[in-house]
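Shown below, as structure tokens, is a lone chain in the form predicted on its own; questions about how it binds or moves come after it.
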């Protein structure tokens, strides 16, 4: 199909959301962004990407105060960020980068509140990938090489971090169905089937 959409993918840890996003981008012939957003933010800011990697999708606590006090606006650029925590600097940079990427054309973007950042974009389709705990534990062990005895703890901790990040920067609840166009249980379908399902959704939107 001649895709014209930006697809954002939010995902529970261990659900395979990143792999699904990669396959979707490949099948549609469009760009894919996940960790690549960190590299782009590092390049724009001059900050070591390893510093950004350590705070990726983790909330800080000062950005909303700065915004409410008029100390920063998203249009004022990196130089206006002053002494904001690295978490906030990364979010601000990724916010700008995500909007710039969406303006350039179709792509797949994973995480980073992209669905919220692009909520007013008329060609943004937001997807949430979830699965039951047993499926995610198995995948965490087999794909992410996590110790099986710690898998559930790491899954819960990662999901909590993502939920806090999303809630802090968007003011919305992560994983709540009404915040997404499409929610899919990856334990019920294969990755390829989910890719086809999302493409079918895009084709229906076009009609």
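Numbering follows the first chain given and starts at 1. None of these values were measured; they are calculated from a predicted model.
Only in words, not in the display: the form predicted together with a further copy of the same chain, which the text now covers.
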| query | finding |
| --- | --- |
| Heavy atom contact within 4.5 Å of a further copy of the same chain in the predicted complex, the stretch among 160 to 168, 139 to 147, 36 to 44, 173 to 181 | 173 to 181 |
| Contact at 32, 97 and 103 by a further copy of the same chain in the predicted complex, all three, heavy atom at most 4.5 Å | no |
| 4.5 angstroms heavy atom contact with a further copy of the same chain in the predicted complex for residue 122 | yes |
| Distance check, residue 128 to a further copy of the same chain in the predicted complex, heavy atom within 4.5 Å | yes |
| Contact label in the predicted complex: residue 205 to a further copy of the same chain, heavy atom within 4.5 Å | yes |
| Touches a further copy of the same chain in the predicted complex: residue 15 (any heavy atom, 4.5 Å) | no |
| Residues within stretch 188 to 203 having a non-hydrogen atom within 4.5 Å of a further copy of the same chain in the predicted complex | 188, 189, 193, 196, 197, 200, 201 |
